[in-house]
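In the block that follows, a single chain appears as structure tokens, in the form predicted on its own.
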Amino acid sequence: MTYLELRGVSAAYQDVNIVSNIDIDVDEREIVAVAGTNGAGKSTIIKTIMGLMPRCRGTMTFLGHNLFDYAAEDRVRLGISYVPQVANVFSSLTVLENLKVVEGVRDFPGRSTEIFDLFPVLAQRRRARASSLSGGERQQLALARALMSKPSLIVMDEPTAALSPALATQVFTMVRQLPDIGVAVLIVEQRARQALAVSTRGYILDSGNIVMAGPAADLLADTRMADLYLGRE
């Protein structure tokens, strides 16, 4: 079953197109990676899906709903959660308060208890302010809060940005487990090899255009793509 479908989607700031005629699918319980260099337009795709871009066109549907008919907050209510690249937790609030913010909005009593079962490190630090967490713990909290609304799809914008290689590996391990709890994932990443390694399918973005697409394993094995877009291992 296809959850998210983008067809011919373009997005611009003023009169400058950032992404052009993008086609992307995300199916049920699937991880899809969009990889590319800095400035390729990856984050713009995420912001377009979440209703945060000022000028967009094309067709974009989620579970049969035309997303262009919905404001950003209503897209969340449809079942899409968003993990921004930066400023993705409320630093002045505790770990528990960060989760309760969502629980209060969506009226899911007891949901934070379920989330702590998935993130035992956060459970141990539930009374700590988010500002005191390590980079890896903050990313766990951002993902945990995204799961609070019981989404069908999570879109993640560069979740390993500014993390060490070891912490980045931990984040990818968490992402790999999301389909097991019924959540599909669209992840945009500069760490293309690692993102594709945990994904079912992938898209390679260059200068706002999809230049390659297919099963993630095939993209990783494509020497031409590796030379152009992945870099040497």
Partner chain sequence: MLTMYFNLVVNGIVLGLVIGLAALALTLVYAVARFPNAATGDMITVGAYAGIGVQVLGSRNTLLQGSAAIAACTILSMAYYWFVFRYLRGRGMVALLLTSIGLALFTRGILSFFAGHEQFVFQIPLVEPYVIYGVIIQASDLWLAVVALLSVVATFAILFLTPIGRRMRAVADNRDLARASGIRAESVMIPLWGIVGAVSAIAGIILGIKTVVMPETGWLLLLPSFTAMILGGLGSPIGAVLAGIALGVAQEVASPFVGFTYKIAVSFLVLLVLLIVRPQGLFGSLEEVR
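All values reported here derive from a predicted model rather than from experimental measurement. Positions refer to the first chain, counted from 1.
Quick note: we don't show the form predicted together with the partner chain, though the next part is all about it.
I have Ala161, Tyr203 and Val211 flagged as a candidate spot, so tell me whether each of them has a non-hydrogen atom within 4.5 Å of the partner chain in the predicted complex.
None of them does, since no heavy atom lies within 4.5 Å of the partner.
Of Leu167, Val198, Cys56, Met50, the one that lies within 4.5 Å of the partner chain in the predicted complex (heavy atoms):
Residue within 4.5 Å of the partner: Met50.
If the cut-off is 4.5 angstroms on heavy atoms, which of these, Leu133, Leu147, Leu118, Val102, is the one near the partner chain in the predicted complex?
Answer to the contact question: Val102.
Could you tell me which stretch in 42-50, 203-211, 182-190, 28-36 has residues with non-hydrogen atoms within 4.5 Å of the partner chain in the predicted complex?
This holds for exactly one stretch, 42-50.
For Ser91, is any heavy atom within 4.5 Å of the partner chain in the predicted complex, or not?
Output for Ser91 is yes: heavy atoms within 4.5 Å of the partner chain.
Examine Glu114 and determine whether its closest non-hydrogen atom to the partner chain in the predicted complex is within 4.5 angstroms.
No, Glu114 sits far enough from the partner chain in the predicted complex that none of its heavy atoms falls within 4.5 Å.
Whether Ala123 contacts the partner chain in the predicted complex should be assessed with a 4.5 Å heavy atom distance threshold; does it?
No, no contact at 4.5 Å.
Decide whether Ala72 counts as a contact residue for the partner chain in the predicted complex under a heavy atom distance cut-off of 4.5 Å.
Contact with the partner chain, yes.
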